[in-house]
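Given as structure tokens, the chain that follows is alone and in the form predicted alone.
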């Protein structure tokens, strides 16, 4: 048994381990971190040797992490959070002011919430006012100067050079496996409301191939659309995070949807030192972990 005093939890190795959990495996974690698979495996193996236990199961069909690995992940999340906050605390500069920030609903209970909480603790003299809206509404508020910055979802081809990309994902046409599409005529469409750019694309470009969509259900929330799909009420546009068992991805009759991206977008106005710092913290978090996790 390895002596306790000789064991070490290396921060870089813990960050790699947490990235494997975040991205769902070594291959995806390596891609997100910009490392080779062998480099990721080596860091985890060194951690296993130091702790004298297996952290990854490495068995076909088995869970990715062993029981010891799951236990360590709970500590790793807290250790990394305290480590990163301590470094920021030691290097911070006094800040004061106000930030008007926009978020979409699926970013309010994720990594971004943790970053905002840390920012408030480190900079108590900065007042951050957050508004949660649909992406199209937030983009309009940015253009009108009502927000300093916003976390918005856009089509990947709309990413600007000044945007900070947090997450990329694919958009899919989906239906429940029990739903048989009519061989001709309108296809029942489960739509988000008028403020959703998925809907605008579907009802505009999405029908250029003479495929007619008939809106039979309209809801502002992803949970409502997911429920309608699982009830076999029609077809819908959903991103990969919202796919559920029993859903089929439609690859014919409907045009391929464009890819998506979540970005930090700033308003075109004078620089705000407090906002500069917050945006830099978000950007550094993306760099450390290869992206941010969003709600599913």
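Positions refer to the first chain, counted from 1. Only a predicted model underlies this, so the values are computations on that prediction, with no experimental measurement involved. We call the rigid core the largest set of C-alpha positions that still match within 1.5 Å between the two forms.
Same protein, other form: the form predicted in complex with the DNA, not shown, and the subject of what follows.
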May I ask you to choose, among 50, 231, 41, 66, the residue with a heavy atom within 4.5 Å of the DNA in the model of the complex?
-> 41
Since exactly one of 264, 261, 235, 26 fits, which has a heavy atom within 4.5 Å of the DNA in the model of the complex?
-> 26
Non-hydrogen atom contact residue 256 with the DNA in the model of the complex at 4.5 angstroms = no
Find out whether any non-hydrogen atom of residue 227 is located within 4.5 angstroms of the DNA in the model of the complex, and reply yes or no.
-> no
Touches the DNA in the model of the complex: residue 240 (any heavy atom, 4.5 Å) | no
Does the DNA come within 4.5 Å of any heavy atom of residue 245 in the model of the complex?
-> no
Within 4.5 Å of the DNA in the model of the complex, which residues of 32-47 have a heavy atom? Give them in sequence order, or say none.
-> 34, 35, 36, 37, 38, 39, 41, 42, 43, 45, 46
Exceeds or equals 2 Å, Cα of residue 62 between the shown form and the other one, core fit | yes
